[in-house]
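So this first bit is one chain, no partners, the form predicted on its own, shown in structure tokens.
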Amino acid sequence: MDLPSTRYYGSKRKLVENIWSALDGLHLEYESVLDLFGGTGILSYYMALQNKHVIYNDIMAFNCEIAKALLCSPKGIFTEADAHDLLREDVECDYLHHVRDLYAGVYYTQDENNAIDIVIQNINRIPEEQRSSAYYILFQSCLIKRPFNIFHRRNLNLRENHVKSRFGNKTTWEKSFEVLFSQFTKELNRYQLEQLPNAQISNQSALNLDIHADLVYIDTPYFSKNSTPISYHNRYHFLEGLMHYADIPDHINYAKTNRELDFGRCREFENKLTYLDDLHQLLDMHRDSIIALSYTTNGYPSTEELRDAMSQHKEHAQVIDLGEHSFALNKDNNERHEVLIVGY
């Protein structure tokens, strides 16, 4: 199936059909799906195409805007002309320049920083029904211009001094926002739906979300057995910060070289020592639903520990192998399999 591209660490784009087949093979009946750690929204999007009632949730507001663009915005509501208008500076508007002034030499060139400043403020001046689409093209453009598509390091120099290697594409990194805005507007219009699905968007922490669904899909952060994890917040804090643009100066951690912003920070499922406690609490909250938990065979906790945890809350706990799946530049890819742990 042709699905939207994703530029997100841990995205299930390549696995979503396997997940659907695994659930279908168990002959489980469900009409509503709660996607608790929604991320790119690809699982919610796929389930919507299968005529399921979808509740997308994510702790980060920028992810919710991406989901709104795909699930809640009518096809064709945002055009290439609309996209290019976002890049035009209105001489009658007194623009702030937080990115240009506070992130020089960190992620983007100064011309690009200035463009981001202009665009994010222009988005707040367009009709509300267009804003999610505008956020979508901005966030996708920001991601594709970054080495590794993430913001955990201050590494503009890596992009500027790049030589041929197994990661990244300098030609793509150097494309202008105007070119990328056209590219992603076309992409968005391709995947937006003629008839809006039965979908709702929630921006809550998973442990504070009191919503029932027939099936609850859980895709928490993964932990390596050996290395120190990089939080999702650290990977994507910059995009989350753009959702709170006016307040950026008061939320920068200057002690970190990447100038991490603290918007959207949540400690749930970000600590190895408390992960199982968080998981038990979540499984208990949804004990009356079918639960599908995505994980990896070389992660921590182990698949066996997660199956045991599931069995404490559900009568049946089944581990289904979804096949080999690797992440770019992940050192733990050897014989790495994705699994789905289903409780029912």
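So that there is no doubt, residue numbering starts at 1 and follows the sequence shown. Remember, it's a predicted structure, so these values are computed and weren't measured experimentally.
Omitted from view is the form predicted together with a small molecule, to which the following refers.
The putative spot formed by 8, 221 and 232 is fully lined by the small molecule in the predicted bound form; each residue has a non-hydrogen atom within 4.5 angstroms of it. Residue 45 falls outside the set of residues with a heavy atom inside 4.5 Å of the small molecule in the predicted bound form. The closest heavy atom approach of residue 206 to the small molecule in the predicted bound form falls within 4.5 Å.
In the predicted bound form, residue 268 approaches the small molecule with a heavy atom inside 4.5 Å. Taking non-hydrogen atoms only, residue 59 approaches the small molecule to within 4.5 angstroms in the predicted bound form.
In short, of 297 to 305, 314 to 322, 33 to 41, 284 to 292 it is 33 to 41 that has heavy atoms within 4.5 Å of the small molecule in the predicted bound form.
With the partner removed from view, the residue among 151, 136, 177, 217 that has a non-hydrogen atom within 4.5 Å of the small molecule in the predicted bound form turns out to be 217.
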